[in-house]
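Consider the single chain below, provided in structure tokens and representing the form predicted alone.
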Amino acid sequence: MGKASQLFKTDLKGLDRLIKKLRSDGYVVYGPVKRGRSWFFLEIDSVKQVDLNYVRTVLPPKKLLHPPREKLFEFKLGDGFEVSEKPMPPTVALFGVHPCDLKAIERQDEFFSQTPEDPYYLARRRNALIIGLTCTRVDENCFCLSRGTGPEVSTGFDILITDVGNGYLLEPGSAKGLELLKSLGFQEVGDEYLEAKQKLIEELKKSFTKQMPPEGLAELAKSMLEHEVWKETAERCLSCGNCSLVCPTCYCFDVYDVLELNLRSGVRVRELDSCQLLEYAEVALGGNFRRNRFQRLRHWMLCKFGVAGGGLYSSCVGCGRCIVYCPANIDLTEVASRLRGGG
């Protein structure tokens, strides 16, 4: 989206009316809620529950579009083979999604829309409304600026909220978003609010300390598969797969059947998988394409650098989750820096 055709403003009470309007329209609304020292996308019914100044949630909003585990369908053997249809997913509104996560959702949209389409993801996505939120602060592990995925964003949302100091600028990003804003009677404002937003973003950009520019990184990493950084880093890696679970662009999953004891009925389940796990690349007769830990760590990082099969779809958006939640304190930006000859 380029320059918004219509701009609106509101205050906290107005944001609360927006949430209540979404709920009255049948949406289950999720927003960033603080629990202890961390934030989580949880169901909300009021803006009072939301921290509009959060940095990042533990799990990305991906969990509501591509769940960690889901039942695809039930089946049973009767006179024939019967499969029960899965009920339609609920209409979900994601309130307060940051730019890096918006870009990640866009990549998942493109990936799951390829042939053959993923009907489960797309059904959820069609029923979802996304309200973005411009960041107000970053921490030492944010590096979306260097990835070109934040802190400003122009696509991937139905409405974008920005705290401009004297209120909240509301930018529609879709016809659905514009209709919603009009229905609430928010005050229209001029381009001076866009200018105020841009000033805040330019100030925010000065706060970034970490970076991992994408330029040339994929080609470089692909040409340095024998670099010592892979084995050195793997000596600390626990192969727990945490990095995959918290990554907003990891999409790999496993599908398996769970049978009842009567062996005549069961469910088919889809569950997120991780190439960091030993079983991921296991094939028949005990073969494994990535038996060694450094091979799995290297593969995961190559994927984030844009080299592996997912290409851009699964590459890094700079949210910093894999760094924050790695129990071994592994930092993929440091590995990228080593490959570039630094450190």
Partner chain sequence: MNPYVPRIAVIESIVDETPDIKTFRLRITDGGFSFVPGQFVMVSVLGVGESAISISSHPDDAEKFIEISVRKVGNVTGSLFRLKPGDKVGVRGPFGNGWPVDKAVGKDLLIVGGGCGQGALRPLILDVLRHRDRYGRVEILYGARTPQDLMFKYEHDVWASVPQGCLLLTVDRVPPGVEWKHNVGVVTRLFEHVTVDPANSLVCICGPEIMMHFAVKGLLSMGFKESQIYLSMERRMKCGVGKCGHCQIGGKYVCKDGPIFTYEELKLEPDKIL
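Positions refer to the first chain, counted from 1. Since the model is a prediction, treat every value here as computed from it, not as a measurement.
Another form exists, predicted together with its partner chain; not displayed. Remarks below refer to it.
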query	finding
4.5 Å heavy atom contact with its partner chain in the predicted bound form for all of F81, R290 and G309	yes
Contact of K62 with its partner chain in the predicted bound form (heavy atom, 4.5 Å)	no
Any non-hydrogen atom of L225 within 4.5 angstroms of its partner chain in the predicted bound form	yes
Its partner chain contact at R268 in the predicted bound form, heavy atom, 4.5 Å	yes
4.5 Å heavy atom contact, M301 and its partner chain in the predicted bound form	no
In the predicted bound form, the one of C252, L184, A218, A123 near its partner chain [non-hydrogen atom within 4.5 angstroms]	C252
Among 233 to 241, 162 to 170, 255 to 263, 188 to 196, the region lying within 4.5 Å of its partner chain in the predicted bound form by heavy atom distance	255 to 263
Partner contacts in the predicted bound form for 34 to 67 (non-hydrogen atom within 4.5 angstroms of its partner chain)	none
